[in-house]
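Heads up, the chain below is alone and in the form predicted on its own; it's given as structure tokens.
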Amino acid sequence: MIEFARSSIGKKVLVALAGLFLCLFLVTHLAGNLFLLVGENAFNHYAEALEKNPLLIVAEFGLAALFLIHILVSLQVKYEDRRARPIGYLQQKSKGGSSWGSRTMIFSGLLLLVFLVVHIKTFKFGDAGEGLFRLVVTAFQNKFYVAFYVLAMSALGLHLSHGFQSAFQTLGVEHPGYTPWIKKAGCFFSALIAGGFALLPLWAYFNLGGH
């Protein structure tokens, strides 16, 4: 298993599995964040229940491990691919399903890493003395933060649009009959997740006095 994990295909499998688990996290995280639209009491109650969960620390460490595996191993795979092929192909045009998502994976990933650091600093370590709802709404009154948030979610959509179907391909789930459906599911999933998260700052800004 260790030798497999060190191999080129093993590293890609690790990236794919970590990515799919992170997709599950995004679904649950978005579901919880949508309580923001319900109201202050509902959102604060959700946040308090999460904070009191004894498994939260374990989940946070597990999540951090998934992020580190996905980011660091992805960069290592990219570096090894560049070393193996120092001179790029003469033709960069779409061949075999190349898309904006696939061509910008490294850039969207780096933007999301910056967003993750800012996001954790703002909401995990921000002053939530009046409740998390107030902290979130206050942050979403800043038009520059809202713009950055929406930009990052656009990058997330691009990243997921390719990463979702690519993960299944890496794991060997590929067939002419259902691969197109996996790609369509990936596009739908990426739009749903990115759009859902982007909705939150826009809703708070335009409905709670930010403009």
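Heads up: residue numbers just count along the shown sequence, starting at 1. Here the structure is a predicted model, which is why all the values come from computation and not from measurement.
Only in words, not in the display: the form predicted in complex with protoporphyrin IX containing FE (HEM), which the text now covers.
Interface residue among 119, 103, 134, 78, judged by heavy atoms within 4.5 Å of protoporphyrin IX containing FE (HEM) in the predicted bound form: 78. Although protoporphyrin IX containing FE (HEM) is omitted here, in the predicted bound form all of 26, 159 and 164 have a heavy atom within 4.5 Å of it. For protoporphyrin IX containing FE (HEM) in the predicted bound form, the listed stretch (50-58, 139-147, 178-186, 165-173) containing residues with heavy atoms inside 4.5 Å is 165-173. In the predicted bound form, protoporphyrin IX containing FE (HEM) sits within 4.5 Å of a heavy atom of residue 22. Although the partner is absent from this view, residue 194 stays clear of protoporphyrin IX containing FE (HEM) in the predicted bound form, with no non-hydrogen atom inside 4.5 angstroms. By the criterion of a heavy atom within 4.5 Å, residue 198 is excluded from the residues contacting protoporphyrin IX containing FE (HEM) in the predicted bound form.
Although the partner is absent here, residue 35 is not a contact residue: none of its heavy atoms lies within 4.5 angstroms of protoporphyrin IX containing FE (HEM) in the predicted bound form.
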